[in-house]
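This document starts with one chain, in the form predicted on its own, laid out as structure tokens.
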């Protein structure tokens, strides 16, 4: 079977299974198995696929056809400027979450040796991306999941960011000793409404960690607790940045105000959806 034939067959199988982007996923799986870039796939379409690679490809296609996330099949996801290891113990990093990194870096301009805390660090994609851009920063990642922190530690090792401190615990409790010294608290917390959970794509609903999707106190309670805790942790002028879901920005902004934060702002994503809410400690 040639590369082009394998690609077409993989695409057909994924399309029949209802996978949203079958052509793209087929190509990515083929590249993963062969270790090729896109240019090689295009240029070498008439080459034969080795039998062992063909077997691995269609085993991976079968997994994806069962609606296992592509990133769980390949084991990685690109985020910011790096490839991050991804397992079922962490959320798959989303492109819109890069807005948190961008916003945090903007607020850190002009600050010397800033202190940053990433709440709900998961794979570590936010904390490690910030640390890579600002080697002078003291970056901390917090998560309630020991399994997620194991993934973050491995990503830190692979990216040469062993200086990022990772802590197990709820919200900002593990870094309470930093009270009054933190410049940035950044978070992509669980915010899926339990009523909407059954309608999520099967890749998310059936394979990503529920603990990272559904907050124990509802989709808004975690923002209230995060804002209140941040007011105790941030230095005067320090900022809290949080990702929010569609339609949540106004309510989250009000909870930030109620907690005592000032200068509340929202940032839209490329689709115009308010995606990041921020405020600072007066």
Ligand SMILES: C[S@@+](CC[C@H](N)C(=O)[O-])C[C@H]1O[C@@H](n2cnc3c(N)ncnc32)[C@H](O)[C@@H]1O
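Since the structure is predicted, the reported quantities are computational estimates derived from the model, not experimental observations. Positions refer to the first chain, counted from 1.
Another form exists, predicted in complex with the ligand; not displayed. Remarks below refer to it.
Engineer: State the residue from 202, 169, 179, 75 whose non-hydrogen atoms include one within 4.5 Å of the ligand in the predicted complex.
Structural biologist: Looking at 202, 169, 179, 75 one by one, just 169 meets the 4.5 Å heavy-atom criterion.
Engineer: Quick one: from 108, 99, 91, 159, grab the residue that has a heavy atom within 4.5 Å of the ligand in the predicted complex.
Structural biologist: If I apply the 4.5 Å criterion carefully, the residue I get is 91.
Engineer: Would all three of 143, 212 and 222 be in contact with the ligand in the predicted complex, where contact means some heavy atom lies within 4.5 Å?
Structural biologist: Judged in the predicted complex, 143, 212 and 222 all sit within 4.5 Å of the ligand.
Engineer: Among 131 to 139, 80 to 88, 116 to 124, 194 to 202, which stretch has residues with heavy atoms no more than 4.5 Å from the ligand in the predicted complex?
Structural biologist: Careful reading of the contacts points to 116 to 124.
Engineer: Closest heavy atom of residue 188 to the ligand in the predicted complex, within 4.5 Å or not?
Structural biologist: Yes, contact at 4.5 Å.
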